[in-house]
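Only one chain is given next, in structure tokens, and it is the form predicted on its own.
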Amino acid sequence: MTIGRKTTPSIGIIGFGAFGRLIARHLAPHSPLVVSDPCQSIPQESPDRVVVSDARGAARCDIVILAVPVDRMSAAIAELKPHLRPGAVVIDVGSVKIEPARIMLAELPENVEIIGTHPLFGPQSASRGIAGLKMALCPIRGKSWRRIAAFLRQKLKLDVILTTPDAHDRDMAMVQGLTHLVAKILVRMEPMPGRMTTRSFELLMQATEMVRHDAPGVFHAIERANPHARAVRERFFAHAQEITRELERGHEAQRPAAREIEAEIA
């Protein structure tokens, strides 16, 4: 069973952290959910139509969503693998796509379909709803991605972007990699001015606030698990060093003129 058919599919969610809960809140009105998280207890305020189970219960669903960090994906698949139904659809929602795609292709049974996705938003940016927000979708194995893409567009009103794992990671190395990198640096430079500010500075700090409270694993996945991120970081810091040298040269050129002005004043 897949989303888009007359029979409503069951959906299992492995991992019920902040993002797993966000997924559940928006999928619960459309499908019965089974959630499992071996690393933490499930919150009492879970949405209606959500059944708490172990990994085996979630694995028996028609669609299984892996909402776990990349470094926990192999362990999660090992636990799910014996219980997956033939024809089930396994979806990951990680911030990188090349490594999850490789893991899923290598370790999942050949009789299940595989889709890589990346919701290009988090709990903070989705606090007012997800309609109009972007979702990257990478078809990896099987044909159900078409129906799932239609569900995401028509029911959840998401802007679905079809892409490949490599193209996704190339773009995200710049988009997410730089955003989180700059935010990390700004947080370490605090305290920041709070009153005498410009609009551009306020927007920069708003962007920092949107990622400030992300789990450490998110930053590490973005910067370490994405094979394109290092090259982007190196370009960024190379340009920063070049601009620093330009400013220093300009500063040196201004010194004689400054001394002449001081002499005239004296």
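Quick caveat: nothing in here was measured; it's all calculated off a predicted structure. Numbers for residues come from their place in the sequence shown, where the first is 1.
Here the subject shifts to the form predicted in complex with another copy of the chain, a form of this protein not shown in this document.
Note that among 191-199, 108-116, 83-91, 144-152, the stretch whose heavy atoms approach another copy of the chain to within 4.5 Å in the predicted bound form is 191-199. By the criterion of a heavy atom within 4.5 Å, residue 51 is excluded from the residues contacting another copy of the chain in the predicted bound form. Heavy atoms of residue 56 never reach within 4.5 Å of another copy of the chain in the predicted bound form, leaving it off the interface. Residue 204 belongs to the set of residues with a heavy atom inside 4.5 Å of another copy of the chain in the predicted bound form.
In the predicted bound form, another copy of the chain lies within 4.5 Å of some heavy atom of residue 74. Contact here is defined as any heavy atom lying within 4.5 Å of another copy of the chain in the predicted bound form, and by that definition each of 102, 179 and 223 is a contact residue. Of the residues in 223-246, those that come within 4.5 Å of another copy of the chain in the predicted bound form through at least one heavy atom are, in sequence order, 223, 224, 230, 232, 233, 235, 236, 237, 239, 240, 242, 243, 244, 246.
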